[in-house]
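Quick heads-up: it's one chain on its own, the form predicted on its own, in structure tokens.
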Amino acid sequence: MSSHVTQEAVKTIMDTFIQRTQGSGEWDARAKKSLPGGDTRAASYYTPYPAYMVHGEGCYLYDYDENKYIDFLNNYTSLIHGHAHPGTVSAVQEQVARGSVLGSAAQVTVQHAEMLRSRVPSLESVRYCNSGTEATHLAMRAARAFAGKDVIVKMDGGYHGSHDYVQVNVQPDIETDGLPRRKLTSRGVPAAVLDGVRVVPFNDLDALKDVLRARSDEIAAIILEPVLGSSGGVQPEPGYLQGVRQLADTYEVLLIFDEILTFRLDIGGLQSVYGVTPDLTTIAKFIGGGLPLGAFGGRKEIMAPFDPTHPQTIAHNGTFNGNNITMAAGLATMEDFGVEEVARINTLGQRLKDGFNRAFQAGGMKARASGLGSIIRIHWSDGEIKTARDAVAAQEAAGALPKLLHMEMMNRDVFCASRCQFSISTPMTEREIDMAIDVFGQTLEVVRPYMTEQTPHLLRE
């Protein structure tokens, strides 16, 4: 097959998108005059430009050009009830009429904290901030203060936000054999950050043990996502999380679970599913009801210094910490997300995953849908995915295929993350899931010419 066929397939996908979204293209050109890249959030960017979304209702989104999409992005999993959830809207309207942020302690903050603590027993004490980035930043600070040590161990490919101390190996090291080489992910981060971080592969207890044994006198904590999120949705092997807990206890370091992405998968987060109790937990996403909110908490003795009356207090301020509108929105959202709702969207997620895998099988393709519950991710390999290195290496070997699949699904009215991640919201039904499965199968046929020429390793003979 000639490259001309591949070029035509790619051109057709891009031209269709541009034709459907001409108004968005005009806004993108205008935006780039004021905003580097045209927006203020790297994750929102995809080529040739992002569609400008102007309205959301339930599990549907509408762009500037009046295209209607099933929304499987859900603002990167944070919109558990989709858009304009009646209970959340009502709570926000009632609160804003009383004041957006009153600059003092509020009952709604106490009620929100009580609900979190009722769901997650390890959260003996909680503090609020405005993002997941702040939550991991402050949890790491709390761990260092409690342990009296400076170093944090993170996973190769682990994502914990955008503050400096987690800008290490966000993109995993896919070149070095053995222990990953530590590297800064972003320019502008001080090289000194590397002194405070050690990196090990996910799902590798031996590597973690070696680092702890050699450096436990300087290590304050281990931080990890129970399922690696942005680096491919890599799941823990049986016994891995329990083994991490045992090693943390053996070497007297703290364990921080970043459940910002995974808290939606069970009423008590994945720590309740796996029966592993961390010392500290970070949570964000849907607990703010679609408004900015992060939380961190854990054992009372670790959190105690955030009390301003503590003799060795840790100062923690923020103009909008626990603001009344966000807390009201989050409380209303969580009240409508109980055990039954969790189970239902997890079941829909399994239906989506099974449907995608049938489409891969029918197309004779060596790829698969993976994931837990209501978050599904595409792995561009039928081999074993144990680490972020495995997932990212497979993604890179797929070339432009993930981007083409994302774009063609948008052309067919399904919106997901450009990294081919899909999340389920409570307004969805089997109808939306089955529509997405049909679109997925159709899209695989459209991108097949590209696969035949550019990624033949993903096709079965």
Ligand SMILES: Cc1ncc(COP(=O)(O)O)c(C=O)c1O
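These numbers were taken from a predicted model, which means no experiment stands behind them. Each residue number is its position in the shown sequence, starting from 1.
Below, we refer to the form predicted together with this ligand, which is not included among the displayed structures.
The contact with this ligand in the predicted complex, taken as any heavy atom within 4.5 Å, belongs to G132 out of P278, G132, G330, P172. Taking H160, R264, K154, R377 one by one, only a single residue has any non-hydrogen atom within 4.5 Å of this ligand in the predicted complex, and it is H160. Stretch-level contact analysis of 132-140, 172-180, 386-394, 264-272 against this ligand in the predicted complex, using heavy atoms and a 4.5 Å limit, identifies 132-140. This ligand in the predicted complex is not approached by D71, whose heavy atoms all lie more than 4.5 angstroms from it. At a distance threshold of 4.5 angstroms between non-hydrogen atoms, K285 is in contact with this ligand in the predicted complex.
Contacts with this ligand in the predicted complex, taken as any heavy atom within 4.5 Å, map within 244-269 to D258, I260, L261.
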